[in-house]
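First, one chain by itself: the form predicted on its own, in structure tokens.
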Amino acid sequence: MKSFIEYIVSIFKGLWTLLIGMKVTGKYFFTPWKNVTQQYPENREKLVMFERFRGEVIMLHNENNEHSCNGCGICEINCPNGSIEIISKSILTADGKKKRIIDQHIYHLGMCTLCNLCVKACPSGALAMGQNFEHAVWDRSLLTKVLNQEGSTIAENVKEE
């Protein structure tokens, strides 16, 4: 008889917890204007991500196609899984000194954990986290990106390392 009563009590406890869960669901069902869920992909044009969202690493360029990266390699060293490769080259300046500039700043998005360590470690503030989040591709080679834009140069106010 005792096990039968425990069985009935457990059924009522289960129904009670179901009603508590349905109360939360019902609150959101009957007040849809308070929801923060966004209807993606229907609202793709007006979708706004949060400022702290980490979508991908980007290199900031100004209107003159200049960037702040001096090729020091600190971001490459701080990357925990090798998502960043910096290929630099040396050039001779007008006064005969050798100057190191970046040839390619390669970013492997497919390997990136979006940890933001490269952005925090960059002494010149050349890197930032972008807002793009749609990275689905059929070919993984498309996830390898060159961050410095074609024909970009280093800005004049960046100090050399």
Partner chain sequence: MSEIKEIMFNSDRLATDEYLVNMGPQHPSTHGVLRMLVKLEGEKVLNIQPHIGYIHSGIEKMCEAISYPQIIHLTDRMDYLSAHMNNEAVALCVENALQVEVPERVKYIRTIMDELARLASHQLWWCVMGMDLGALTTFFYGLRDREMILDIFEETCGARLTVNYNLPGGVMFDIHPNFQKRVKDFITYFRKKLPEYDQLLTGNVIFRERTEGIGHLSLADAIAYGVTGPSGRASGFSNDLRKHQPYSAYPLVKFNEILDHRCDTLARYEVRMKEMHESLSIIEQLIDNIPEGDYAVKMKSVIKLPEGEFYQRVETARGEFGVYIVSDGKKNPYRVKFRSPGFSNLFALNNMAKGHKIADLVAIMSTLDLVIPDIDR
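Numbering follows the first chain given and starts at 1. Everything numeric in this text was worked out from a predicted model, so none of it was measured. For the two forms, the rigid core is made up of the largest set of C-alpha atoms that agree within 1.5 Å on superposition.
The discussion below concerns the form predicted in complex with its partner chain, not included here.
Trainee: Is it the case that Asn65, even though its partner is missing from this view, gets within 4.5 Å of its partner chain in the predicted complex, heavy atoms only?
Mentor: Judged by the heavy-atom cut-off of 4.5 Å, Asn65 is well away from its partner chain in the predicted complex.
Trainee: Under a 4.5 Å heavy atom criterion, is Tyr40 part of the interface with its partner chain in the predicted complex?
Mentor: No, Tyr40 is distant from the partner.
Trainee: So in the predicted complex, is its partner chain close enough to Arg44 to count as touching (4.5 Å, heavy atoms)?
Mentor: It does not: once its partner chain is placed as it appears in the predicted complex, Arg44 has no heavy atom within 4.5 Å of it.
Trainee: State yes or no: in the predicted complex, is some non-hydrogen atom of Thr113 no more than 4.5 angstroms from a non-hydrogen atom of its partner chain?
Mentor: So Thr113 counts as contacting its partner chain.
Trainee: Please state whether all three residues Thr25, Val36 and Asn78 have a non-hydrogen atom within 4.5 angstroms of its partner chain in the predicted complex.
Mentor: Every listed residue reaches its partner chain in the predicted complex, so yes.
Trainee: Picking from 65 to 73, 88 to 96, 101 to 109, 52 to 60, which part of the chain touches its partner chain in the predicted complex when contact means heavy atoms within 4.5 Å?
Mentor: Heavy atoms within 4.5 Å of its partner chain in the predicted complex occur in 52 to 60.
Trainee: For the stretch 12 to 34, which residues lie within 4.5 Å of its partner chain in the predicted complex by non-hydrogen atom distance?
Mentor: Gly14, Thr17, Leu18, Ile20, Gly21, Val24, Thr25, Lys27, Tyr28 sit within 4.5 Å of the partner.
Trainee: Aligning on the rigid core, do we see the C-alpha of Gly125 shift 2 angstroms or more between the shown form and the other one?
Mentor: No; Gly125 is a residue whose C-alpha shifts by less than 2 Å between the shown form and the other one when the cores are overlaid.
Trainee: Would you tell me if Phe50 moves between the shown form and the other one by 2 Å or more at its C-alpha, with the rigid core held superposed?
Mentor: Where the cores coincide, Phe50 shows only a C-alpha shift between the shown form and the other one that is less than 2 Å.
Trainee: After fitting the rigid core, is the C-alpha of Ser141 off by 2 Å or more between the shown form and the other one?
Mentor: The answer is no; the displacement is under 2 Å.
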